[in-house]
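So this first bit is one chain, no partners, the form predicted on its own, shown in structure tokens.
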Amino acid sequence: MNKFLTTGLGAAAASALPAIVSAQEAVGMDQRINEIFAASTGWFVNLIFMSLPGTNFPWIVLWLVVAASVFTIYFGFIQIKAFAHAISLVKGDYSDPNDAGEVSHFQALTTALSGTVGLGNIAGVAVAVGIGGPGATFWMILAGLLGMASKFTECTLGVKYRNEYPDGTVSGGPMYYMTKGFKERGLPLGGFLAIVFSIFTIGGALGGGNMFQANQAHAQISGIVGNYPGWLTGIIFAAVVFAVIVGGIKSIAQVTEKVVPFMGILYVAAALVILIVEYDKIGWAFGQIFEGAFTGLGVAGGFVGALIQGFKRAAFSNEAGVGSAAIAHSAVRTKEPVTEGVVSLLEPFIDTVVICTMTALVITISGVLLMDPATGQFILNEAGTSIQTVDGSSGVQLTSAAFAVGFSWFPYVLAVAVVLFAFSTMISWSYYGLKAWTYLFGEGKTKEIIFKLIFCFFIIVGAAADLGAVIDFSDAMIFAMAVVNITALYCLMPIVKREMNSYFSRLKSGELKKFVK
């Protein structure tokens, strides 16, 4: 996803309101909404993103990284042991089409990936490298590898405790394993945690997973074709998104299994071409990454600054521990919960270790970061808070400038990528929000349609207005999901270990065999 990127990226959509509203009125309206939201929700945003004393390291990031480390050790480095098996499962080697569920392992993976791969991989990495230097990439990769264990834990539980209905549909996610899992272990407050988690999920879906995506898509499109009303972008997106999500998870999965590989391959291929052209600098770039990870190479905050930026970017990009992916993975066709836990550990690897790293390498190799030739250190700005760039760009502009060194036409490819990332994120988060909605208000076609219409309405709102405080609040709600979810994972991880040991012992003995197609 694309957390913490609203500042400075969405201003282009500020004037995109219907023509009947003057520009001055639009600005005044946005300011009033921002002031109201900031006054009433600022305490919540500040609480979630509060830094640890004496640092600029948000406690919520430490909460995610510590949990990922605990799960990595507790499950015996499952991300390494099960990696090859995960690929076999995604290929369908063990898939029985008669198992309960709605989508294949591959479709579940692409649906979850579509909710995490986004502007965070493009602009967020640029911010991390621009502040923490290339060394931030090392810590970003490490946090991504650790996060694979968090995904394994939550997605295994998501499948184990999902609801399966007579019509073949399923509903799963943290709210279900909080209620059922806590009851199984005789623990209190499972129902309460599930309600709180669902509320946070709906808020995050309508804001960070919806309005912000529409806002940034409009900003990118208008930057290419010229300014025009944002509500036009919103209406088009709303219509296309509704056409997809009205068919449920099967329809969403059919789209994401095509869009996610396409946009991922498009982006990585462009990066690979640049790396091939500049192959003689690859060794140097990795040297900068490893040396900068432990010395800081004179960048802002040195070693600590690189570590903080790397961990923040990984946590904000792959959402490991947030619980959102468990909702998508719960829809998979399988009778073995551990299989989807294993598949899900590929998600942080693809999102963070592959895509984010490619972005960081291109930025480092491109020469868009200023370096002192005498010392070999990157040059800080006058305030000493970030690395200077050749043209003063940052965020998505920095990534665009880095790719433009090899391809002058890349900004157009980037615009396409941003639109695809925004679209895929919206359809995935519509499903997350829907399942939280139906958990609170009950299953039923009418209730589902109501939420889908509300979701699409907020797409138009997001594209047509600059609602900074609203988006900040929704981002805080997404990470508040992690507070509730990880608390539940700590309580339920013995169940996951029991399932894991049973599955792999049966796999080793030959009891579980590849499905003959």
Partner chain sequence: MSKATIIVGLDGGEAGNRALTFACGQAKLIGDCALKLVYVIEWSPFSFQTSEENEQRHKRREEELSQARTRIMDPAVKEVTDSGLAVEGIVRHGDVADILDDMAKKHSAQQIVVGRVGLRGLKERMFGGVTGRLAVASSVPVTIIP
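Positions refer to the first chain, counted from 1. Note that this is a predicted model, so its numbers are computed, not measured. Under this definition, the rigid core comprises the largest set of C-alpha atoms superposing within 1.5 Å between the forms.
There is another form of this protein, the form predicted in complex with the partner chain, and it is not shown here; the text below is about that form.
- Against the partner chain in the predicted complex, the set Lys160, Val342 and Glu511 makes no contact: no member has a heavy atom within 4.5 Å.
- Stretch-level contact analysis of 85 to 93, 202 to 210, 183 to 191, 285 to 293 against the partner chain in the predicted complex, using heavy atoms and a 4.5 Å limit, identifies 85 to 93.
- Among Thr399, Ser317, Gln309, Thr111, the residue placing a heavy atom within 4.5 Å of the partner chain in the predicted complex is Thr111.
- Only one of Val196, Ala100, Val354, Leu370 comes within 4.5 Å of the partner chain in the predicted complex through a heavy atom, and that residue is Ala100.
- Using a 4.5 Å cutoff between non-hydrogen atoms, Tyr431 counts as a contact of the partner chain in the predicted complex.
- Interface membership of Ser104, defined by any non-hydrogen atom within 4.5 Å of the partner chain in the predicted complex, is confirmed.
- The partner chain is not shown here, and in the predicted complex it never comes within 4.5 Å of any heavy atom of Lys335.
- Remark: Gly168 counts among the residues lining the partner chain in the predicted complex, judged by a heavy atom distance of 4.5 Å or less.
- Residues from 256 to 295 that approach the partner chain in the predicted complex with a non-hydrogen atom closer than or equal to 4.5 Å are Glu257, Lys258, Pro261, in the order they occur in the chain.
- Core-aligned CA deviation for Asp96 between this form and the one not shown: 2 Å or greater.
- When the rigid core is held fixed, the Cα atom of Gly367 travels less than 2 angstroms between this form and the one not shown.
- With a cut-off of 2 Å and the rigid core superposed, Ala436 has a Cα displacement that falls short of the cut-off between this form and the one not shown.
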